[in-house]
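The structure tokens that follow cover one protein chain in two forms, given apart as structure 1 and structure 2.
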Structure 1
């Protein structure tokens, strides 16, 4: 998943929106990697928390939107507690997820779920999943 950074690939509007929605100064991240070492979801994601912040800092929305980090983040705040810069990384990831949903890109397609699975799933879990993972 290599990304080439050019003037055309940098989306300044995306950088501004992530900062506004999250309320975090994520550009101050020094890329120490502490967030990635403590992330319990790291093995389930295509990129680490450090990498998603790095991509967001550079405004590479197309790559950010194509990886599953924003969907798989457990919002456990372990990374935020350990961040030496005090960045609330789950807030940044949530902002990325919201911006992706605004592009009508679902992580879970409700109509693709098999009927038998729906009958076995708790309704509260389904509702919370749809709220988090669908536009």
Structure 2
């Protein structure tokens, strides 16, 4: 998807927030794309990890927040252990999720999950989903 970058489109506040929450210097990303090739969710995400980092670098807030990438990430760290720049990409992605969750907006509503599914799932599934996808 093409994005026009102008002085006005760069959301500096957003770039700073992602940096603070993640603790990662994601500006050092050189766009090699290793992360994208190893991401197990690549079939399901609207943009690749490389692209989401690129969008975040340029402060294109609305696109970063509207694509499903951050919600599809399972924090498996496959990208993180392979990044030649040593960026912990899952941390950057978590920061993006938190920008929504910290406004008290859930991605998943616990009470909307089918009761039969809750009964058959391991507790670890609920705990981890609620940690990653509820406010």
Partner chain sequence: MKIGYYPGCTLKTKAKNLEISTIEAMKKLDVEMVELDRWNCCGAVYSLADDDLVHLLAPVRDLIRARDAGLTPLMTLCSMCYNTLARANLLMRNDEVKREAINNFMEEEENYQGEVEVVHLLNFLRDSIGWDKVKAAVENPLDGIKLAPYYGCTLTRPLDVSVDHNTYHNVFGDMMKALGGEVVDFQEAETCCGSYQVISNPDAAEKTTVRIIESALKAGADALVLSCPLCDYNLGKKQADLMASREGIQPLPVVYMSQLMALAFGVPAEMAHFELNPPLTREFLEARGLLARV
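Residue numbers count along the first chain shown, from 1. A quick note: this is a predicted structure, and the numbers were derived from the prediction, not measured. So that the term is clear: the rigid core is the largest set of C-alpha atoms that superpose within 1.5 Å between two forms.
Each of the two structures shows the same chain on its own, and it is structure 1 that derives from the form predicted on its own. Look at the two-part rigid motion between the two structures: residue 55 goes along with residue 83. Superposing C-alpha atoms between the two structures reveals a rigid-body rotation of the smaller part against the larger of 20 degrees.
Comparing between the two structures on a rigid core frame, one finds that residue 101 has its C-alpha moved by 2.9 Å.
Taking the rigid core as reference, the CA displacement of residue 130 between the two structures comes to 4.3 Å.
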